[in-house]
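Take a look at this one chain, the form predicted alone, written out in structure tokens.
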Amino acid sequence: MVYDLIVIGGGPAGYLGAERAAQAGFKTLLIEKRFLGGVCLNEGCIPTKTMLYSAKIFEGAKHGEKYGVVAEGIKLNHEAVMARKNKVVKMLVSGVRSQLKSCDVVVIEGAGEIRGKAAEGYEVNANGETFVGKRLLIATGSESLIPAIPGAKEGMEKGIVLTNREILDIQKVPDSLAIIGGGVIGLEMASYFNSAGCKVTVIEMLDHVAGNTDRELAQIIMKNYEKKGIVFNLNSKVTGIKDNTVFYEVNGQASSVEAEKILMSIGRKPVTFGLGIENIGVEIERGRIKTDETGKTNIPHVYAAGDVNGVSMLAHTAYREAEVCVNNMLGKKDIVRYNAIPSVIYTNPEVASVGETEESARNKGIDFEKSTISMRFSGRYMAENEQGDGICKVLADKKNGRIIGVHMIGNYSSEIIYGAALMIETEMRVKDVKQLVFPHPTVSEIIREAIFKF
């Protein structure tokens, strides 16, 4: 069977790319070896946000007296949280399947392997059957990175060491949890399990948490969670795991922490093994499929989108990359502009960022100015966040006044940041934003307040 497009991988990049291609008239085949929706829908974005929302409701109820709401006997029912999480995931996966069906995308459950070049395109094998695609979109995503830490493999075999996959299906809240890695996933899991009553320790190799997040915001979120009882060990290199103990070094000094469960959360790596990409010569660079700004690989009519290209491992980036790939397949010139992709940490409070940080701007030699303002300048924020310590930071290029970065910590930030992304995407200047009307009272007004401090 010959298809206009064969998509390998059914995560955000894969299913949306298949949908867009089919809507444009392509005869499309999608091959997914595990679950439609990929990691994001089944083992990442959606499950974690469902759990974190339950934790947020619980925290609100527990501290309701600040807002004149008094309740007794409040508890977080983890079993019920997990049941609801599973229900939400099932509904959304069903929705993806229905959407693909409505677009006449053929879906095969199984591992897809590229066998080589054929007269009419590329041969792909799945479940013992061979299909030919005039074009290929590789969207196989990423998987948890498991470093060569002595004892890690044995810990996983015993069920003590977990990845994001296992932790999202855990049926009982452990008494204690050691998290190796203080990035986005580590912080979000620390947030939920701390709310659930678990003693949480985060072990991070760097001198800060939250990865590439603005350092000032990272410091605030860490202080917030230290107040809630989470212990952070920074500048800490893990040297081994034995049973329930994590061994690490801080400035050459040996230390350790014991926990009922250990979460391995140091990052993710692209899934490129077993796809047969070497059979057609697709170029791999540092473990990822190398693509240009249009999603093309070095092989004609072969594209890659999502985590597998290793550029920006975010679901919304994958969506956009898939659309760019399909547009170029259709002869419509399109590119991904990575400078305007927002990122969010769904802790409580939320952290949201887009564009350059102070650190990245300095590294690029950009002469910038900044405006930093407390979220308390927003009436809505003050009404809903007793003793909140959130901030909003806006960076602008001194040369032309363009907005180049916006960073926020405080609830609703995740829903506001797209507006800042639009400002950067459209190259708005400080003076342009001053002319915008923000609804009042909303937390979004904080951006306007920051802008008027330039």
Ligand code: NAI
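So that there is no doubt, residue numbering starts at 1 and follows the sequence shown. If you're wondering where the values come from, they're calculated on a predicted model, not measured in any experiment.
What comes next is about the form predicted in complex with the named molecule, which does not appear here.
Tell me, which of K27, R429, K49, H63 has a heavy atom within 4.5 angstroms of the named molecule in the predicted complex?
Checking each option against the named molecule in the predicted complex, the one that comes within 4.5 Å is K49.
Heavy atom within 4.5 Å of the named molecule in the predicted complex: which of Y381, Y346, Y122, Y225 fits that? Just give me the one.
When the named molecule is considered in the predicted complex, the option within 4.5 Å is Y346.
Using heavy atoms and a 4.5 Å limit, would one call I203 a contact residue for the named molecule in the predicted complex?
Flag for I203 set to yes.
How about V184 - does it come within 4.5 Å of the named molecule in the predicted complex, if we only consider non-hydrogen atoms?
Contact check for V184: yes, within 4.5 Å of the named molecule in the predicted complex.
Might E323 be said to contact the named molecule in the predicted complex, defining contact as any heavy atom within 4.5 Å?
E323 lies outside the contact set for the named molecule.
Taking any heavy atom pair closer than or equal to 4.5 Å as contact, tell me whether E188 reaches the named molecule in the predicted complex.
Contact check for E188: yes, within 4.5 Å of the named molecule in the predicted complex.
Any idea which of 367-375, 311-319, 155-163, 285-293 reaches within 4.5 Å of the named molecule in the predicted complex, heavy atoms considered?
This holds for exactly one stretch, 311-319.
Check each residue of 247-265 against the named molecule in the predicted complex and list those with a heavy atom within 4.5 Å, in sequence order.
Result: S265 alone.
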